[in-house]
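As structure tokens, one chain now follows by itself in the form predicted on its own.
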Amino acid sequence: MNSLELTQCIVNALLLSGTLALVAIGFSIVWGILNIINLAHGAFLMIGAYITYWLFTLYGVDPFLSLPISMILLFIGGYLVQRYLINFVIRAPLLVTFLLTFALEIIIMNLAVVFWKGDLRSVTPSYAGMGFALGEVQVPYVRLAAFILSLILTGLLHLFMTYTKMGNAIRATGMDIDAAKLQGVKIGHTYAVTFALGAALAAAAGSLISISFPIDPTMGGAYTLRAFVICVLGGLGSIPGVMMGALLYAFIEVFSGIWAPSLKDAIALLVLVLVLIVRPTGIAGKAFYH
């Protein structure tokens, strides 16, 4: 690999890391606050991708303008799923919610296959193949825009969690549920909003992914795995930790995709094991969204 190829890979990894951080943050807040490993996270991401695809295909809506639409729809859907389904088993052992979200993911994926078929689809606006050059390094406009939007949404989540009443209620619930109850926090509503935020962020990630990569109804599982690995690498419940984990994972994925494409998932899991041996709490340790 010459210096130009190395520089291009670094740029590609940096651009990918923003989207991967957005994929993982929604997963992380649900896991950190509700103590649920949400295996339906990838299904929400897939739905967000298809909302963008159908709005573009049927109505000509610019894919970036579809972002708030997919987020709002999945926020509502996520709130209803948690409040009227998952909430009934929220105090059950982890395995119960694990199996419930897994079943939900399978149901959503199979319904998507029935209604939308299993073909690969792409969102191809007129500017899809355009970009600019930094020297000889190519930077696609779409991936740069996705990277910037991912950082903006991550920053907005940080502001929401830090400076709003609901954000403080979510953080308090994650730290000490009994103390939160004594302060008047409505736990059921707070849990539902947290899950809805996770679904909305997954939808945003799916919308951005659909502009850069082909989509299909089975795409969600791979991104759920990525989200899990990134959360463990970075440290559960920390926005900076998730971003560091996403950056590390992006570099692993890009470089292993060149040197050993058939082993890139195995290499990512090997790095995960090594990090856990050296630092079991992840890069940034455990926190509740600071």
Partner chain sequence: MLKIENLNVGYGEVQVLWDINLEINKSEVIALVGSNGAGKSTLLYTISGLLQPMSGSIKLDGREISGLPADEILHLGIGQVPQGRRLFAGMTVKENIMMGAYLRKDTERVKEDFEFVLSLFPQMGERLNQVAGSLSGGEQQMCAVARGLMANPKLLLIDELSLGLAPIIVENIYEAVSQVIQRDMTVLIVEQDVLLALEQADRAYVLDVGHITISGDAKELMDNPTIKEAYLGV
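Residue numbers count along the first chain shown, from 1. Just so it is clear, the structure is predicted and the values come from calculations on it, not from any experiment.
Note that the form predicted in complex with the partner chain isn't included here; everything after this is about it.
> I'd like to know whether residue 185 contacts the partner chain in the predicted bound form, with contact meaning heavy atoms within 4.5 angstroms.
Close contact exists here: in the predicted bound form, residue 185 approaches the partner chain to within 4.5 Å, heavy atoms only.
> Could you confirm whether residue 218 comes within 4.5 Å of the partner chain in the predicted bound form, counting heavy atoms only?
No, no contact at 4.5 Å.
> Tell me, yes or no, whether residue 104 is in contact with the partner chain in the predicted bound form, where a contact means a heavy atom of each within 4.5 Å.
No - in the predicted bound form, heavy atoms of residue 104 and the partner chain never come within 4.5 Å of each other.
> Hey, in the predicted bound form, does residue 111 get a heavy atom within 4.5 angstroms of the partner chain?
Heavy-atom contact with the partner chain at 4.5 Å: absent for residue 111.
> Looking at 192, 71, 180, 153 here, can you tell me which has any non-hydrogen atom within 4.5 angstroms of the partner chain in the predicted bound form?
Result of the distance check: 180.
> Considering non-hydrogen atoms and a 4.5 Å limit, which listed residue (168, 87, 138, 212) is close to the partner chain in the predicted bound form?
Flagged contact: 168.
> So if I measure heavy atom distances to the partner chain in the predicted bound form, which of the stretches 118 to 126, 138 to 146, 172 to 180, 195 to 203 falls within 4.5 Å?
Of the stretches listed, the one contacting the partner is 172 to 180.
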